[in-house]
Structure formats: structure tokens, C-alpha cells
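One chain comes next, on its own, written as C-alpha cells: the form predicted on its own.
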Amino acid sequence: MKVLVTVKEVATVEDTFEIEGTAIPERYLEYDLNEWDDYAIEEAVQLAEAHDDVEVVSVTIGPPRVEETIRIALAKGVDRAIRIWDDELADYQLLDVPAKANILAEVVAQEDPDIVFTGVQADDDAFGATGVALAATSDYQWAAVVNQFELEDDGTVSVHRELEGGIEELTEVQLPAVFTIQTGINEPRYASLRGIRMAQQKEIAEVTLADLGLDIDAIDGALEVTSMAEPETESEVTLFEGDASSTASQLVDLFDDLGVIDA
């Protein structure tokens, strides 16, 4: 059995930053593994540990910088990794859902996995649709927002899904299938020192669009970043300074001014 996990590196922004045009300069950014993808990796690795002959492969769309993040996945138990990138991708500030689904679907076609795990969404763009779009493009079955996963002996998968309004659905899915994994489904492991050492020896295959049989039309999406701005502040914040006694007195005065208490 083969499990394919989509992995994304996301940027986090420092508390104080500037916007230049439609982007935040690199000096204000730090990069890390997408939170939802961490849970997807853990689910795949646990599946490999529980069953014989399971290969876990990760796939990432990103420049050479992302290899550090890919190594994290390899250190946690992924067997090998695929990194997709070329100069044409570098020209795009934003890859929309159809573009990513088209690219990843070619990897699915080449790898022919039984199971594809994706995170429910990414911390940066928060589209929350790539996994389902990938299933549709690849003609795979799918289940979204999965918070419990169990592979049955007959090859079907029993899953629990989070629905709106706190409702949970129990359903069975036939393989091959795509599952978008929700946070909290498991407890992602830390990369051990042994795992980190082993990750340095594992394969990261570098793949271009041409290697996947794609051209620029496959990623020419309809979305475009036209402007960027900090969100407006909707409420005021009062900062109290001083020791505990002083700040407590200031807090009482504030509550009195607001009419919350009668001092």
C-alpha cells in the first residue's frame, strides 16, 4: 500500500512588519510546516507502523528553501519526498486551488497511491479546498475534515467527519481516496535525533512541470493578488503598566469609568 501526503511550508509574520506593494518582505517572515499537514503526516506514519508494506511519500510544491521543512517530514517517518518547482512557478505569487490540484493530480497519476492525506487547510491562504479538488481531478473518492480514521480488513476506510453545527458523521469510503485531516486527530510526534540523521539520507526527488507533463496553462489560475493591507482595529486595547498593586488600581478605575462596577 502507498500513502501520499501533501506537505506545505507556510510563512509566519513577525509582530512588527511592513507591506511593500502586494507582499511582505522576506526579512519579516519565518517558515514552518503547515499545522494541518503535521497531523496528516502523523496519520500516515501511524498507518505505516500499524500495517505491513506501507510506503509513505510526501509531495511539496515549493522552491529549494522548503527542503528544510521536507526534512522534518522525513525525520518523522516519511519514506521519501517529492519537491515540485521550476522557474515558471516562481513567477506566481499565489497558486489557486485548481492550479495546485492540477499539479498534484499528476503526481497522484504517477505514484498511484491508495490513500492521499492532505491537511484540511493551510495557515497562509486558508482555502480549505485543495484536498477535495485533488480528489475530483484525480477521480478519487474523498472525505473531508476527518478527525478519526480506521482502515478496515476489507480495504475500506471508516472515518468520522466534523460537520457544521457540531455534528459528526460516521461513513465508509472505498479506496483509492483522498482524506483531508483535521487537527486533533492524533498527537504529532517530535522528530527524534535518530530520525533527523536518517532524514539526511532519504530521497527528495526534484520534479518540474515538464516532468509532470504540464505547461504554464496548468497553473494559470483566475486569482490575483491586487492589494494588501493590515486589518483595521475594531476595538481599543488598554495597557496597564506597573506592579500588581498599581495595575489592579488602574483596572478598578477603568471598570468604574465603564460602569461595570461602582467603586
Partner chain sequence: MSDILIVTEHRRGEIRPVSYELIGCGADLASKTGGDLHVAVISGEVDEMAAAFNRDGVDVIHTVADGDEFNHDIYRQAIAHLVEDVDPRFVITPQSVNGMDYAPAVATDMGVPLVTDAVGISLDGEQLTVTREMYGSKVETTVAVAGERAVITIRAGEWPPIESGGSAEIEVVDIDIDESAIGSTVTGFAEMAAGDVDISEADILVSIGRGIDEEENLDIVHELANTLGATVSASRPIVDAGWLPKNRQVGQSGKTVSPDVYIAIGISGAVQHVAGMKGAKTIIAINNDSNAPIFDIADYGIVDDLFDVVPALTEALA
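By rigid core we mean the largest C-alpha set that fits within 1.5 Å across both forms. Numbering follows the first chain given and starts at 1. Remember, predicted model here, so these are calculated numbers, not experimental data.
Keep in mind that the form predicted together with the partner chain is missing from the display, and what follows is about it.
Taking non-hydrogen atoms only, E20 never approaches the partner chain to within 4.5 angstroms in the predicted complex. None of the heavy atoms of A205 is located within 4.5 Å of the partner chain in the predicted complex.
Heavy atoms of M198 never reach within 4.5 Å of the partner chain in the predicted complex, leaving it off the interface. Put simply, I167 is close to the partner chain in the predicted complex: some heavy atom of it is within 4.5 Å.
Note on the partner interface in the predicted complex: the residue among I72, V97, V108, I103 having a heavy atom within 4.5 angstroms of the partner chain is V97.
For the partner chain in the predicted complex, the listed stretch (206 to 214, 31 to 39, 45 to 53, 59 to 67) containing residues with heavy atoms inside 4.5 Å is 31 to 39.
Of the residues in 110 to 125, those that come within 4.5 Å of the partner chain in the predicted complex through at least one heavy atom are, in sequence order, V120, Q121, D123, D124, D125. Remark: with the core as the superposition reference, the CA shift of G166 between the shown form and the other one reaches 2 Å or more. Here T22 does not count as shifted, since its C-alpha moves by less than 2 Å between the shown form and the other one after the core is aligned.
Put the two forms on the same core and the Cα of L251 is off by 2 Å or more between the shown form and the other one.
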